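Only one chain is shown below, in structure tokens, and it's the form predicted on its own.
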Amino acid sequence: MNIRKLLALLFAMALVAAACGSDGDSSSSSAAGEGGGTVDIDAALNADLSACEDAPTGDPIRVGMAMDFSDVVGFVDIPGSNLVPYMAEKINCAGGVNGSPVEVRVAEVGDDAALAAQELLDWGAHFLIGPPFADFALPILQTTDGEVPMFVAASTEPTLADASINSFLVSFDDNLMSGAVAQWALDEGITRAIVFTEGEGVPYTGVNPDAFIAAFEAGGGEVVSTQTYVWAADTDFSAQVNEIAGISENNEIVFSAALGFQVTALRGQLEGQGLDGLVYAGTDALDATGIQFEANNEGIVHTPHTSISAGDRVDTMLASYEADRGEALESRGFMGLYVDSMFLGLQGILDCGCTEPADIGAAVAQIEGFQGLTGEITYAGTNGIPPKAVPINRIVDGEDVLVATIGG
């Protein structure tokens, strides 16, 4: 064989090899590959949408959001579903994820969460961000059949976390949250408690009081009164107040998972009985329903998912959204959870170098020490509930102030 024929043969072989590479796994031009790397959160936060890098050209990473826009949950899912696509745009502006653009599609669950989830799966979602309550989250998990990761962004409901079916909380759960409030009270020297509940074991409105009582009593505290009420409805607490007035020493902590307007209504009625030395504490429901802006809120304690301070990463993100979109988002303390959900899914893709949803879920389950917008997140060794630190905020001189951080 002469040299010309040899060179021709080698050239032909090179063409065949190149053709095989282009016809095979498309992940060579996507975020999938050998694995490794970390989601560059700060690059996304600092991206200027008026001066973007070249648009990423790899295969898209698809993020599905099955959101509940009802009156019960819309106050978090609606702004969350606006913020995540915006942050995806910022990620793409900064060059994407290993050269791949991030696409986001939002589907409102309406009366059929399973249908909304199926639409997102048919679209090709690599992972989902889901609504916070079991009524809609469980049908979505039945639809994914454990194969597609779902981040239940704003939920603290422990029953929704199950790493074996790729279902993950992004926040601390009810037990960590309410146990932290109990620990804070004991650290403050408060040894007596009055608890409002919708009933033992009732999701959220009963489970949080259950967790508070267990931790408070385990630490040596005494629950001197347990009262029932209707969540999001009751504002007349006259019957409960009359009973409390007969046993209170005016030095108790009053704990519930009630909404902001309910807690301040209860406080006013107890103060009408001369009980002005009580401390009022609650859950993330207080942050969600604007306890910072309620009248007669001084001294009230709550557990935001993120204690936001001027110029921090969450504040920067929300200010950027307002500047670019011309409107401020509500439920500020929850917003980082939705974006962290997207970042965690992207980190799973980077870690495994894959785009198969089940493989992404397996990688997410091994995430450890991820520095998200809402704190450090670890799933390794858990059942899908990150053991995050719980911020304890209190209204002090009219300002919402971080006074302690429990756990983590």
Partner chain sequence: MVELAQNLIDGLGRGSIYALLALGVAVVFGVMHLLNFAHGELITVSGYAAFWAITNGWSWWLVVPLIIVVAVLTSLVIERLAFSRVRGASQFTLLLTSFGVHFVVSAIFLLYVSASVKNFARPAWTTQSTWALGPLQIETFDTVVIVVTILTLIGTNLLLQRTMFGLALRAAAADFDTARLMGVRSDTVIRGAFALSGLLAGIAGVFWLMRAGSTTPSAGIDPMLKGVLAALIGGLGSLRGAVLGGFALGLAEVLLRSWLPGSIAGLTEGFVFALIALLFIFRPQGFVSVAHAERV
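Residue numbers count along the first chain shown, from 1. All of these numbers come straight from a predicted model, not from anything done at the bench.
There is also a form predicted in complex with its partner chain; it is not shown, and the following applies to it.
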query	finding
The single option of Thr316, Asn82, Thr235, Ser225 touching its partner chain in the predicted complex, heavy atom within 4.5 Å	Thr235
Position in contact with its partner chain when the complex is considered in the predicted complex, options Asp324, Glu188, Glu271, Asp162, heavy atoms within 4.5 Å	Glu271
Interface membership of Pro139, its partner chain in the predicted complex, 4.5 Å heavy atom rule	no
Phe261 within 4.5 Å of its partner chain in the predicted complex, heavy atoms	yes
Interface membership of Ala265, its partner chain in the predicted complex, 4.5 Å heavy atom rule	yes
Proximity of Thr289 to its partner chain in the predicted complex, heavy atoms at 4.5 Å	yes
Partner-facing stretch of 308-316, 71-79, 84-92, 154-162, counted where any non-hydrogen atom is within 4.5 angstroms of its partner chain in the predicted complex	71-79
Three-residue site Asp59, Ala134 and Thr144 fully in contact with its partner chain in the predicted complex at 4.5 Å by heavy atom	no
Contacts with its partner chain in the predicted complex - residues in 327-366 whose heavy atoms fall within 4.5 Å	Glu330, Ser331
